[in-house]
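In the block that follows, a single chain appears as structure tokens, in the form predicted alone.
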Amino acid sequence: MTGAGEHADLAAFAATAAHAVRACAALAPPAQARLLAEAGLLGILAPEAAGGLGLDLHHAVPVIAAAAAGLLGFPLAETMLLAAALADHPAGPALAAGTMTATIAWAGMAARSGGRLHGPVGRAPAAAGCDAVLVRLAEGAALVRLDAPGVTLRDGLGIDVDAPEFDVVLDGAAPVAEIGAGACARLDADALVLRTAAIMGSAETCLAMAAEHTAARRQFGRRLVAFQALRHAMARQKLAVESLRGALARCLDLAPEDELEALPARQAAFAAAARLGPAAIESALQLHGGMGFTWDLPLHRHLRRVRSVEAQGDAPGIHAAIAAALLDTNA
């Protein structure tokens, strides 16, 4: 459990992240990386020996939630994860310092032949502004320079306009760094927590906008918030977001080494976020009426973001894994 001092510490991290995200709005990816690194955000999970802060997911969660609230277009979660996973390689300290930028192709698996990588992979957020991308292999994952021979980047089918997804086609590309299957599994498990935090950050932001709108907007001579049906709708979505917060707290309090509980708790938190987060944002859109669907408000951009995060995390596959585990337990 976290005490009062740690709560204050986490709030400070969230405030720093919110300020940095606002400052990043008008910057190109290399400048964003430098600014985020100066704020200490890129190396939160990386060990101190690799230029990071050596902290755990408790400190990363409020930062990712704040980044999602501000619709940051930089692959912050991917950079955090890679800076930690590649801590023993020069790429890790470079990522933590913001002198190198990288993302992760969350879909597909590359094949290895003669030491070279081949095949298409996809769902690499914000890859156009990055130097490298991590691609999956049967035995782990490899980091590939995007400007290297045999690497082609093309537009993906994602719907996030702030951090668009890209496909990466490999045709004899040489890896510059690799991580094993165990490190890859740890990265995936940590990513579940960060995705849950990102969805929660977007959902909270949209519900706050809906509460402000209904308190100010008048219809039929009354403020919208005076209508009981609307208050009930917002209360239900607020309860859903708080349940996500509880799921996050539970999986953060479990030791990662406890495989019987830690991974299922993280899967359950992400599965809940993939269902409840979009529903909360869709409710906020409806409460804004027609203007909620316009480009004047960021509500639909948040919905695009959480749907993309849901797809990157393979929410249907996670639901299937949870169901299979329950069936095995009760067999």
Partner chain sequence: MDTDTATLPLGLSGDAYRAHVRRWLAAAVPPGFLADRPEHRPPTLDQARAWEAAMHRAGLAGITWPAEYGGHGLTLREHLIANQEIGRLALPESVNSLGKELAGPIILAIGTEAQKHRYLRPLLEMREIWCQGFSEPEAGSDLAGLRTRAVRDGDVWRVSGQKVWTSASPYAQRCLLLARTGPLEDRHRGLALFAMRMDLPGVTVRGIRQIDGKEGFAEVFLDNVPIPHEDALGAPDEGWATAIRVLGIERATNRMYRAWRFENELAHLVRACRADAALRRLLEDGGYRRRLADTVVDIAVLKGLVEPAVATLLAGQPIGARGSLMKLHWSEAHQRFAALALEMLGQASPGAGAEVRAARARFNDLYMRARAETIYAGTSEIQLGIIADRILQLPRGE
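Just so it is clear, the structure is predicted and the values come from calculations on it, not from any experiment. Residue numbers count along the first chain shown, from 1.
Another form exists, predicted together with the partner chain; not displayed. Remarks below refer to it.
Engineer: Only one of 62, 52, 70, 292 comes within 4.5 Å of the partner chain in the model of the complex by heavy atoms, so just point that one out.
Structural biologist: For this set of options, the contacting one is 292.
Engineer: Considering the partner chain in the model of the complex, which of 150, 90, 180, 108 comes within 4.5 Å of it through any heavy atom?
Structural biologist: After the contact test, the surviving option is 108.
Engineer: Would you confirm whether the three residues 221, 282 and 310 all fall within 4.5 Å of the partner chain in the model of the complex, going by non-hydrogen atoms?
Structural biologist: Yes.
Engineer: In the model of the complex, which of the stretches 202 to 210, 155 to 163, 81 to 89, 95 to 103 has residues with heavy atoms within 4.5 Å of the partner chain?
Structural biologist: It is 155 to 163 that comes within 4.5 Å of the partner.
Engineer: Quick one: is residue 230 in contact with the partner chain in the model of the complex, heavy atoms, 4.5 Å cut-off?
Structural biologist: Output for residue 230 is yes: heavy atoms within 4.5 Å of the partner chain.
Engineer: Tell me, yes or no, whether residue 120 is in contact with the partner chain in the model of the complex, where a contact means a heavy atom of each within 4.5 Å.
Structural biologist: It does: once the partner chain is placed as it appears in the model of the complex, residue 120 has a heavy atom within 4.5 Å of it.
Engineer: Going by a heavy atom distance of 4.5 Å, is residue 58 a contact of the partner chain in the model of the complex?
Structural biologist: Contact with the partner chain, no.
Engineer: Would you please decide whether residue 217 lies within 4.5 angstroms of the partner chain in the model of the complex, comparing each non-hydrogen atom pair?
Structural biologist: The answer is yes: residue 217 has a heavy atom within 4.5 Å of the partner chain.
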